[in-house]
Every structure is written in structure tokens, then in C-alpha cells.
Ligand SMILES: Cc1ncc(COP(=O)(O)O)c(C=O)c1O
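Next up: a single chain in C-alpha cells, the form predicted alone.
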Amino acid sequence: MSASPVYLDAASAAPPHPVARQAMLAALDDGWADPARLYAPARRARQLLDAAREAAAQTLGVRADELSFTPSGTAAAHAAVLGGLVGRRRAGTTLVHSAIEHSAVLHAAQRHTAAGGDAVSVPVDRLGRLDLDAWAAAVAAPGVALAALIGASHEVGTVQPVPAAAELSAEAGVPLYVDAAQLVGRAPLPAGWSVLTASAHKWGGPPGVGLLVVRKGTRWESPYPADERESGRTPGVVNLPAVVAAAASLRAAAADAAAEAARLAPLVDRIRARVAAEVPDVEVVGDPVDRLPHLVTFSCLYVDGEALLHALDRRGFAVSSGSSCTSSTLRPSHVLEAMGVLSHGNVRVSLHRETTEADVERFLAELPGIVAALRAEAGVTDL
């Protein structure tokens, strides 16, 4: 009998939190009507939507009227960037962002430059940490409308110096957008941002729900055609059962976040140490200290990343590789390239509330043999 599958890709999508399932089923019964209407079922739906917004806002420590629900984390990121640029178009047309932003932010930047705007990419060091001197110079240049900085790298786990970057941005009079997809529900939010986004399926909520938070006083304008819903920030009717499930699971995940971080961080430390010691010609990447508690990335020389993923999948391990959300393109990771580290045979392992010590031990026991077998097939031996 084969061993049970081990899911180690929470940074892409965490397994559904039990609270999310319960909340969604209840909301399917009670929250199917249009919350904008006046009759009784619609009023009940409106109560559910208002309660979900209040709960999510309270968990994040923001005002309820600052928070909107979007159809996905990607949609929230697009709205954050493009809306921030539209709202500040009189100040200039330049977007400053780090070289390791999520592809959703980079795609929004490409749309902006295709329309005649400018985008400035700020480098990172070999650990994936923002170059603050370069950031300071970039945000202080004339014509900067918006700055964008990921809260923590979705690919290598390095936590970014958001408070310092925010201070430099504020000194230049530039609002800061933070992509907090890997932080929300897992770690405290940094200070100093004006716009923030997150994605429910990263914390165990359902897919198809994003959060867009625009602080009061921030110059932000919807880049979409006018729509009266969600304070005009994102068009269309929200998926109310999914929104209710997202808010409920966020509260539950945030309540357990500190305990989960304390449980998972030593397991990630074990992976970092054992992979480096037991797999020849491997590079464990990302900051070893200032990092997310649940995520580790390493690259194996002389191994094809896709072949390694398939081999691990055959042994029951679900992990990701290369640049998350762009692995289907078979292009090297833009994050690893920006860091100047090895990108061959790249594996990202990300743990979650259901991950056990036994799961990690089984992965560590089987990985060296799997890598050795792939290298032997490629004619690489005696390492």
C-alpha cells in the first residue's frame, strides 16, 4: 500500500480551514440573495456581508470602510497598482517596485508602461532583501506616483523591510502598496502602508476571494468602469458564501498564527539544515533569519526542476518549483534571477496547519535518493 500524499504547497493554496467549509455551507443557505436589494432575503445577505467585512477588518486592524472584497488576490493586486497610479496621475506616472514582486504586480506594471507610464525596478541582495539605498533614490526621483513592495517573498520567504521602505516613501510623499498575500493570517502586518492586498486561499479560505485595503486619505481611484458595489473599488456582485468563509477562516487562522509559526519554523529550520547537509550541490536560498515561518526554497544543480517535481509527485509529495504562478512558462524564476542565485532544480516547500513532523521527516528521507536518481539518469554521478 502506498503512503498517503503529503501536500507541501501552502504558499500556492493552503488546505481549506474547517471553519471555511462550515461558514460557506451556512452562507449558501442564507446568503444567496443580492445584498443591494431591500427585501428580507437581501437584507439577510447584507447583514452577512457587513459582518464578514467587519470581521476581516478587525482581524487586520483596519476600518471596515477601508476594506473591499475582490474576485481574487490577483484582481486585488491589479486594482491596487492601477488604482494607485490613476489616483496619483497628477503627481507623476512612475511606478517604483522591487525586482521580486509577484507576477500579478509585474503584469500590472507592464500594462502601465504599455500605456505610456514608467516603471522602475529596485534590486535585492543575494538573500532576496530589498536594497534600501536604491529604494530611497528611486522613490525620491521626480514624478513617482506609487511604490509597491511585497511584504514577504512568495518564492523564497524573505521578509522585506517594509517599515524602513515605507518611511523612505513617506519622506518622498509617495504612497506605498504592500502585497501581503503571504503574511495575512500568518504573521503580524508591517506598518506604514497606504494600500494592501491579500488572497483568501493562502490562509485556508476559499479560492476566488481577495482583499483590497485602501487607507483613508490615500489618493486611489478605481481603474475599472463605474460600479456602485464595494464602495466603487471593484465591480460586480461579490461571491458572498466565499466571502463569509474567507472572513471566518481569516479570524481562525490569525488566532492560531503565533502558535503555528512557533510549530512550523523549527520544521523549516530542519529542512534548511538537512537538505544542505544531505543533498550534494544544493543551494538553500532566502534569508535564514528574517523569513516566513512556513516556507523554504532550495535549488539542486544538475537537475531539471520539472523532472524533480514529477518525481516527487510520484512519491506522493506536492511541492512547487521555479517562479510561482509562472512555472507553466518553463522560464527561470525572475525572483531567483534578481537574487543572483541558482535556479536549476528549484523546489519550494511550504507548510501549513495540517503538516506534521512525520511528513517533513518522510520528505527529507526520500529527497536525497530522488535527486541522486535524476542526476544518474542525466549521467551526473560521483557527487
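The numbering used is simple: start at 1 and walk along the sequence shown. Remember, predicted model here, so these are calculated numbers, not experimental data.
The same protein also exists as the form predicted together with the ligand; that form is not shown, yet it is the one meant from here on.
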How about residue 199: is it within 4.5 Å of the ligand in the predicted bound form, going by heavy atoms?
yes
Would you please decide whether residue 73 lies within 4.5 angstroms of the ligand in the predicted bound form, comparing each non-hydrogen atom pair?
yes
My question is simply whether residue 294 lines the interface with the ligand in the predicted bound form - judged by any non-hydrogen atom within 4.5 Å.
no
Taking heavy atoms only, is residue 250 within 4.5 angstroms of the ligand in the predicted bound form?
no
Hey, of 138 to 146, 254 to 262, 225 to 233, 181 to 189, which bit sits against the ligand in the predicted bound form at 4.5 Å between non-hydrogen atoms?
181 to 189
Among 109, 238, 212, 150, which has any heavy atom within 4.5 Å of the ligand in the predicted bound form?
150
In the predicted bound form, which residues of 77 to 112 put a heavy atom within 4.5 Å of the ligand?
102
